[in-house]
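To begin, one chain is listed below as structure tokens, in the form predicted on its own.
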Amino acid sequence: MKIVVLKFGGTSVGTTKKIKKVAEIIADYKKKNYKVIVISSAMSGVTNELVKKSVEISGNFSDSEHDVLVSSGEQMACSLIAGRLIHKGFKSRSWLSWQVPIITVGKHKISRINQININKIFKYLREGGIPVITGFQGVNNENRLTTIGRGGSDASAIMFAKFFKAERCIIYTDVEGIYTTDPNKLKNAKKIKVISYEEMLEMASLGAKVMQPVSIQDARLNRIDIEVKSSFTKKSGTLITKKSNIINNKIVTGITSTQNDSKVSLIGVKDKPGVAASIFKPLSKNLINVDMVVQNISPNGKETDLTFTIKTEDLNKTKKTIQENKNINYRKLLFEKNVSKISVIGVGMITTPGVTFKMFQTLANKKINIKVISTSEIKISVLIDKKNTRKAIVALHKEFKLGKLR
């Protein structure tokens, strides 16, 4: 059985006109003799409206009822898609997560798919049907609806591709694929034809918003190739696959940037074993995500300066958490807003010396000061003033010759 999983994001199903276009795309795959499994997000804006209603009802809205409420958005979209397919003469119906069922584990709002019962859907596919299945949700062992968190519909599609051994998993969105950098910031950004899981994971973690990191990780662990393409054009998209499938002479694949980071520095921290843990443990408990971390030891070995970055929306919570922490002593606490993290990413960096020098020299030539540095095998990130973000991206994009198609 030749199976394709098609996932449509919120912008792709944002209006009834767009849903009619989605039905055309599905019909094309059906005409190519694929057995088609459709996964849909809610129509764009619907989930946010539902969350807004929950806040108006209660400042402490139940997590379990939150999942029931927001999962209704996917139900509506799936019904409309199935209804349009029926109108076009196809056998189709919507499937809610509990009807499949899609079994999840973990807490409400952040569950993960553990198992998919394939029997009913397989039977429906054999009968020539097109199942249109709610993404972003499942049911737990208490038979309660759960949601899978950000990027949940992508994760749903990837897990369906795994359990049904699909030949293709295609994520339809409002962009034509993955670009060397944000095309909204740089007009000559180029679409990447093929990218590795590792590179895409770094790009997603560092600001590229096409897919969420957890979905990329699911695909990587299960070796599911993903195509990302636009539902609004017929142009080819980007294939996300394993490194061994890529023939590429590019050292750097892409450049990402962030817009809402802040820098936190603790000056003169009394240096002793466990001091870093005593700083970061309360932050973790308060769900504050810490990113770049740099530690400097004083010449006398008795003090250390510790710098890290957080999201700006967590700044007040971070300040309060540190100031209330009685387990650490420091001389000064500094905060800096309006900073941006610029990252260059590429598996070619593993075997190519001199990338770090090139990046730093390029920024120096543009008189851009680097505040913090962090690296991995396939990534170099620097923190700079936010006002220099575009200038840095333009210079690095040119330096690493990313303006040429690959």
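Just count from 1 along the sequence shown to find any residue number. Quick caveat: nothing in here was measured; it's all calculated off a predicted structure. Each form is matched to the other, and the largest set of C-alpha atoms that superpose within 1.5 Å is called the rigid core.
Just so it is clear, the following notes concern the form predicted together with a small molecule, a form of the same protein that is not shown.
Which of 178-186, 217-225, 264-272, 106-114 sits within 4.5 Å of the small molecule in the predicted bound form, heavy atom basis: In short, 178-186.
Give me the residue from Ser97, Thr318, Thr173, Ser94 that has a heavy atom within 4.5 Å of the small molecule in the predicted bound form. For this set of options, the contacting one is Thr173.
One residue of Lys311, Lys209, His87, Lys242 in contact with the small molecule, assessed in the predicted bound form (non-hydrogen atom, 4.5 angstroms): Flagged contact: Lys209.
Report whether the minimum heavy atom distance between Thr389 and the small molecule in the predicted bound form is within 4.5 Å. No - in the predicted bound form, heavy atoms of Thr389 and the small molecule never come within 4.5 Å of each other.
Is Ala157 close enough to the small molecule in the predicted bound form to count, meaning some heavy atom within 4.5 Å? Contact with the small molecule, no.
Quick one: is Met203 in contact with the small molecule in the predicted bound form, heavy atoms, 4.5 Å cut-off? It does: once the small molecule is placed as it appears in the predicted bound form, Met203 has a heavy atom within 4.5 Å of it.
Post core alignment: Ser111 C-alpha displaced by 2 Å or more between the shown form and the other one: False for Ser111: its C-alpha shift is below 2 Å.
Look at Val13 and decide if its Cα position differs by 2 Å or more between the shown form and the other one after superposing on the rigid core. For Val13, whose C-alpha is compared between the shown form and the other one after core superposition, the shift is less than 2 Å.
Cα displacement of Ala23 between the shown form and the other one reaching 2 Å, rigid core superposed: No, because once the rigid core is superposed, the C-alpha of Ala23 moves less than 2 Å between the shown form and the other one.
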